[in-house]
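This document starts with one chain, in the form predicted alone, laid out as structure tokens.
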């Protein structure tokens, strides 16, 4: 389960940043997890919450996860567009071609940390 190592890396970075800024408590952590990242969000959340509960400064930290829409680029016409919410894109809305290349969707980004 690579979600555990990803959650541990996130906790390590959050703790490093909180120490760097002299914060005593981390209130909230916002992350962006792409639909094609291979990260199982429920497992990631469980691992994060378990690891966060072991440290006094992160014991009550709220984890907010955002999944942005995936963008595609049509190889045929060069049209870039976002997938529908179900990501069931099969053709380009501009030229109706089927050769699509995903743009992003594989990210795992730390977006924001709220601390005091």
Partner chain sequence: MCEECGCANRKILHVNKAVLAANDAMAGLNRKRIEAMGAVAINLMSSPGSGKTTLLEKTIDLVGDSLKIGVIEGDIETDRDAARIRARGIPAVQLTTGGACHLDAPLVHRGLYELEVQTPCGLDIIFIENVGNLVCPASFSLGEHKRVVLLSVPEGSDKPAKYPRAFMGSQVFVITKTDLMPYFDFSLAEAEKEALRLNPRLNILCLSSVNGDGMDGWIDYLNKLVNSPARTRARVVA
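Since the model is a prediction, treat every value here as computed from it, not as a measurement. Positions refer to the first chain, counted from 1.
In what follows, reference is made to the form predicted in complex with its partner chain, a form of this protein that is not presented.
Its partner chain in the predicted bound form comes within 4.5 Å of a heavy atom belonging to residue 16. Though the partner is left out of this view, residue 36 does reach within 4.5 Å of its partner chain in the predicted bound form, counting heavy atoms only. Put simply, residue 96 is far from its partner chain in the predicted bound form: not one heavy atom of it is within 4.5 Å. Although the partner is absent here, residue 92 lies well away from its partner chain in the predicted bound form, with no heavy atom inside 4.5 Å.
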